[in-house]
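What follows is one chain in structure tokens, specifically the form predicted on its own.
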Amino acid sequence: MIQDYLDIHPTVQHALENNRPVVALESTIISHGMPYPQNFETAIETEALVRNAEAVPATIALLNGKIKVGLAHDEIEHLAKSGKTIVKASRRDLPYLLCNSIDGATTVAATMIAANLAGIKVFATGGIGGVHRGAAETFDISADLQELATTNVAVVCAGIKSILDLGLTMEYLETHGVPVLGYKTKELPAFYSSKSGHSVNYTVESPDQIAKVLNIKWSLNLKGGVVIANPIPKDQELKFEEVNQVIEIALKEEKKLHIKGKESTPFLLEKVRELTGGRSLDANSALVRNNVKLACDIAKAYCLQQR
């Protein structure tokens, strides 16, 4: 039954069957994270980075009634040009969208689900979702967190999106037994900035060490993912204080316009881009590239440990 809805690209399938490193990539960042043509160029460049690192990229999306694991260039371009007209697809959306052959761009949660179904263990993204600011009133918590609690996929990211409540998100992850590993850092990175004022659970110094943690966790049947928090390069980051000021302005406008649910994050990210004169978009591209490189190294180390 799963095979009726899962379409794995032959290149990806061959790599998985031969214990070659594969890195999953989401598609919401293409359709909702950046404007065209930067979204298309970034997606193609990201896949090239994976191949140059001697791994196989598997960009994931819902197209023509299938969960596609590995996309062709024209499919990526379709997502990029269609932009926000493409449905943002999380766990709850998958059955309906597949039933009605509606195209969808996968969030972190949906990408984790698809990667797990395909047998991919490492996923690179920008930042994970989490507990929204003001969640005590709105109960707005990203489905990414519940997926991390249940799905055996490692997520390499630049921490938690800084528009969110980082402290409450860390508490939620702790409650559900999801380790947050800082790559060569003790401080949790906050997406655009390497600073946050919060600590990671543990610091890891090498991709090999991370791969060993993944192997041990899943060998012990400890279900769920692992967050690998990889700070944005210093020369590309925005100042922590500036980001917070900009986010406060964006949050006030969001509240004024009564924007809620899955429209919240795209609105806030776009507002941050506008208020920083596009510098946040440049930072976003830089941190994605940085995460992809680390994810490739982890995937290669993980494969070596399976031999």
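All figures in this text were calculated on a predicted structure; none of them were measured in a lab. All residue numbers refer to positions in the sequence shown, first residue = 1.
Heads up, the form predicted in complex with ligand PSU isn't pictured, but that's what we're talking about next.
Of the listed positions (225, 104, 129, 231), a single one reaches within 4.5 angstroms of ligand PSU by any non-hydrogen atom in the model of the complex, namely 129. Taking 168, 213, 143, 97 one by one, only a single residue has any non-hydrogen atom within 4.5 Å of ligand PSU in the model of the complex, and it is 143. Only one segment in the set 181 to 189, 121 to 129, 200 to 208, 216 to 224 has residues whose heavy atoms sit within 4.5 Å of ligand PSU in the model of the complex; it is 121 to 129. Residue 57 falls outside the set of residues with a heavy atom inside 4.5 Å of ligand PSU in the model of the complex. Not displayed here, ligand PSU is kept clear of residue 80 by more than 4.5 Å at the level of heavy atoms in the model of the complex. Ligand PSU is not shown here, but in the model of the complex it comes within 4.5 Å of a heavy atom of residue 29. Using a 4.5 angstroms limit between non-hydrogen atoms, residue 70 is distant from ligand PSU in the model of the complex. Annotation for 281 to 295: the only interface residue with ligand PSU in the model of the complex is 284 [heavy atom within 4.5 Å].
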